[in-house]
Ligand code: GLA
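One chain comes next, on its own, written out as structure tokens in the form predicted on its own.
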């Protein structure tokens, strides 16, 4: 079953209604930011690699109005309300989800922005724990809202890095820059090739309407702050140190094999993933440009196997969802499939023919339900625009 994506206008209306119901008045401004999926290039954004994400047609939307106080009062459906004093430096606090907001607020305070008090309401169509960067979308939407409240526009790269710093320092997740860059730099009908060493994004056209991206959320949730993500990142740091290199971009498989005994099996496999996944991402971009979808599908398959076997961040449910897509195959409209996001649960991404998307989604949904007893969420997306203030007057 192919789930529809709620239109941005509907999300903005819901956020406005929640604001008015909670605080008695409607919004003066509304901000939105998309989640993301990554077609290829996983767990290498913190290894100076290349990644190829796209912003998706699922969003966090925040409606807000300024007040005469120095307090931010924020509500979101299904979460505990938040009250934050904007006149003092921020520290991590409770509820836990508020730390994404506190980190962004501190980023603006560090820029010597004088923040007014405000009331805000948040709604989201990005499922939590799906590996679709709901946290980055929240950070980028909130940063965009604060831009509007203080009447400034940060350079996009600065806003993305401010949001990334919030995740590091307040949420305790040492993420790379991909998620916040994708949510900030996203454009309609464009993939984003990010050089994670230079921090430079390059837009890769995804204009062919006959292609779509299916996202299949396994409903097996993960929490990247529980240590699995940080442990993998530490492994890559330790492996690089043993290789004696300043950057993974300077490491070849020949180097890795030469140091295999010193690194041990686990760190060698982590190194093999980083080196080969970086190469696969560049090959995938070349395949996109050449419309070589057979090659692209093979690269996505290799990526999933590497994440499963060498980086060990997949799980049975992710493997099953990928296997179901591959079972449908090229003749059924599937071009390639792999897990996406941090792993330990979450979602898969399937590149497919648009005309076959509904049938593919229906088959994957039913087979996954039959084998696991879990009802998945499967939706289609094309590349979406990045974080912005919404113009709701028209």
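Positions refer to the first chain, counted from 1. This structure is a prediction, so every number in the text was calculated from the model and none was measured.
Just so you know, the form predicted in complex with alpha-D-galactopyranose exists too; it's not on screen, but the next bit is about it.
In terms of contact with alpha-D-galactopyranose in the predicted bound form, the residue from 130, 178, 145, 271 that brings a heavy atom within 4.5 Å is 178. Of the candidates 229, 248, 206, 185, 229 is the one whose heavy atoms come within 4.5 Å of alpha-D-galactopyranose in the predicted bound form; the others do not. In the predicted bound form, at least one heavy atom of residue 46 sits within 4.5 Å of a heavy atom of alpha-D-galactopyranose. Although the partner is absent here, residue 342 is a contact residue: one of its heavy atoms lies within 4.5 angstroms of alpha-D-galactopyranose in the predicted bound form. Partner contacts here mean any heavy atom within 4.5 Å of alpha-D-galactopyranose in the predicted bound form, and among 66-74, 35-43, 345-353, 326-334 they occur only in 35-43.
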